[in-house]
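Single chain ahead, by itself, as structure tokens, in the form predicted alone.
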């Protein structure tokens, strides 16, 4: 059988592993691949869990994520596992360590890397996007993006560390103070992450807007949200919030975020919308209210903070994971055949 990469020629000395390979737009194949070889500065990881998120939906449909994924490629950029082998130059982890992986790899030499903005790197690469990721039984990553996990963070929860780190970066771009009143628009996984994270950062009131009554009520009962709004039935108050997190990425929710902003407010546009989407806003309001509208892209240098937040108990990400899938179920999930998902992780290894 033809395998993922032509250079992976059959070799009796290398083990065979199972992988879910993206072979084209909306096309997956379960393939037997050879265990990848590691370079001196890399780590070989036995995959435990891989999270599936909106970026994977985009890559599966042929749209770019943080970068373009060119088939054939193994997706999976939210990963946890156990170190199976290390390169000769690796000192930060050892064989047997439980780890999570920050997928984003920066060149360190472009204008943005050299001015402390690595998330804007002109040569960004990523595990599970531009190189094989966690939807295979073993994968490699540079040691610089592999993080040892505390004992109290499960491998299942650790597969969701990466999205937490992206949210941490978004909040790092804002000026947060305890007196502020914050609104999160979007009751998906990322919106619920932000609702918890704002509280962990000390914001005294955090409200949540979405479209699912059960999720909204659960966030009130279990995760400290103060007020909720089901936007299919009621409107979000205008001119009411100091901080607004837009975690959907649709023109209508982006417009709602601007409308909800009071004088001097900060609006974080976190949700990823279609590349050709636009929304309308009153430019005079931006001037008169003195609004700050901030974008946020990936997760530079926030992975350790995310691990610490989960380990401390200030973030309950395990309570947001609703589905545990097998490799064979990933395509059905991305095709929308599995309903009621808050967050899905794929159990890849034992």
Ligand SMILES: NC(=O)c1ccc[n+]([C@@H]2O[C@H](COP(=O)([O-])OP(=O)(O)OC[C@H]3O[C@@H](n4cnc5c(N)ncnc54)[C@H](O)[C@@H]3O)[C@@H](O)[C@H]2O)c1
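Bear in mind the structure is a predicted one, so any value in this text is a computation, not a measurement. Positions refer to the first chain, counted from 1.
Just so it is clear, the following notes concern the form predicted together with the named molecule, a form of the same protein that is not shown.
**Q** If the criterion is a non-hydrogen atom within 4.5 angstroms, does every one of 86, 93 and 147 touch the named molecule in the predicted bound form?
**A** Checked in the predicted bound form: no contact with the named molecule for any of the three.
**Q** For the chain seen here without its partner, which of 106-114, 179-187, 152-160, 196-204 has a heavy atom within 4.5 Å of the named molecule in the predicted bound form?
**A** Contact criterion met by 179-187 only.
**Q** Answer for residue 297 alone: is it within 4.5 Å of the named molecule in the predicted bound form, judged on heavy atom distances?
**A** Looking in the predicted bound form, residue contacts with the named molecule include residue 297, since a heavy atom lies within 4.5 Å.
**Q** I'd like to know whether residue 238 contacts the named molecule in the predicted bound form, with contact meaning heavy atoms within 4.5 angstroms.
**A** It does not: once the named molecule is placed as it appears in the predicted bound form, residue 238 has no heavy atom within 4.5 Å of it.
**Q** Flag residue 248 as yes or no: does it have a non-hydrogen atom within 4.5 angstroms of any non-hydrogen atom of the named molecule in the predicted bound form?
**A** Residue 248: contacts the named molecule in the predicted bound form.
**Q** Does residue 252 reach the named molecule in the predicted bound form, with heavy atoms at most 4.5 Å apart?
**A** Yes, residue 252 lies within 4.5 Å of the named molecule in the predicted bound form.
**Q** Between 231, 266, 130, 226, only one gets a heavy atom within 4.5 angstroms of the named molecule in the predicted bound form; which residue is that?
**A** Among 231, 266, 130, 226, a heavy atom within 4.5 Å of the named molecule in the predicted bound form occurs only for 231.
**Q** Find the only residue in 121, 74, 260, 166 having a heavy atom within 4.5 Å of the named molecule in the predicted bound form.
**A** Only one option qualifies, and that one is 166.
**Q** Does any residue in 268-282 get within 4.5 Å of the named molecule in the predicted bound form, counting heavy atoms only, and if so which ones?
**A** Heavy-atom contacts to the named molecule in the predicted bound form: 270, 271, 272.
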